[in-house]
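Just the one chain here, laid out as structure tokens, in the form predicted on its own.
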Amino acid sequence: MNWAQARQILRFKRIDPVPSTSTDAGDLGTDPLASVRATSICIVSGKGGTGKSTVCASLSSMLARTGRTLVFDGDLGVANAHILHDVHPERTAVDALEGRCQLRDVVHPCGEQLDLIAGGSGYAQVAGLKMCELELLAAGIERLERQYRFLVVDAAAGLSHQTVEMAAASDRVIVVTTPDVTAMTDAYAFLKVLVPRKPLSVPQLVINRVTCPEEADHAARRIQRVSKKFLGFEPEWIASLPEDRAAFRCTQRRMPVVRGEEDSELAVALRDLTHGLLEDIGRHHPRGLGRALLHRLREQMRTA
């Protein structure tokens, strides 16, 4: 199988967009269950260096062509999502957490129908949030998510409490890994921590930086076999992305691959990933990351 054949297998039709809403969720207690909320997609990795942020930047740029999209940089202390969208926000989520403003005040436009909540850079104190801080963040997201069709979380790599809780509360969790044995080991470690927390959906796998479809198949099936044996479930393998210097060149130019090098192999594969994801999430009603996260945190506090 070659890349052209692999892309054809993963290709799906684009679905029609649904209208976005601009209703402000001002009161947490008056939230009808059927209200329109952003579909949340949390992109995670067991370790750094897998290309998670590169995938997130292109995925959010593609989703914005379909409906209004908000990117949340979940790496609050060492953020870089703003770099890949070439913006320089004056305020970040750290300002909101430290009481200098509301979370809605740090929303920064970074493209047509695309907004960003940036994380901070060099803030060790937010590398691990306290429960009250995470609840404050969840409440801020809850007030914003009705204004968007999609909410994409570029989560911090690793197993921090906030990363795992955000993933568990999201409508979709995409674990980005590479065929490297250490990356696969850490991807499994993330699944091992996430699954007992009963995530809202079955985690999905993206194998990045592969040199051929056979390499991707080997990596994905290896993670699936180990997960099936020890965790009792198999993550869904949804895409493989080729090793492509377009990723490096576009990062240097501070732009997503799907905008910087539209005809590259990687850009084509990322578009296919987005189209498939759109078809999948179009079949489900979004729960709302902020609302679901608030519910999870309050349940934990009640049972503590």
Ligand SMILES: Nc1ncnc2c1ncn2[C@@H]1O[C@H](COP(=O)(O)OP(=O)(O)OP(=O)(O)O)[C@@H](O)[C@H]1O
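As the structure is a prediction and not an experimental result, all values here were calculated from the model. We number the residues from 1 along the sequence you see.
Here the subject shifts to the form predicted in complex with the named molecule, a form of this protein not shown in this document.
Contact annotation: of the candidates 96, 134, 157, 107, the single residue with a non-hydrogen atom within 4.5 angstroms of the named molecule in the predicted bound form is 157. Note on contacts: among 274, 251, 264, 66, the single residue with a heavy atom within 4.5 Å of the named molecule in the predicted bound form is 251. Partner proximity in the predicted bound form, defined as non-hydrogen atoms within 4.5 angstroms of the named molecule, places exactly one of 163-171, 201-209, 142-150, 222-230 at the interface: 201-209.
Interface residue remark: residue 236 is not counted as part of the site for the named molecule in the predicted bound form, having no heavy atom within 4.5 Å. Shown alone here, residue 53 lies within 4.5 Å of the named molecule in the predicted bound form, counting heavy atoms only. In the predicted bound form, the named molecule sits within 4.5 Å of a heavy atom of residue 242.
Taking the partner from the other structure, the named molecule in the predicted bound form has no heavy atom within 4.5 Å of any heavy atom of residue 41.
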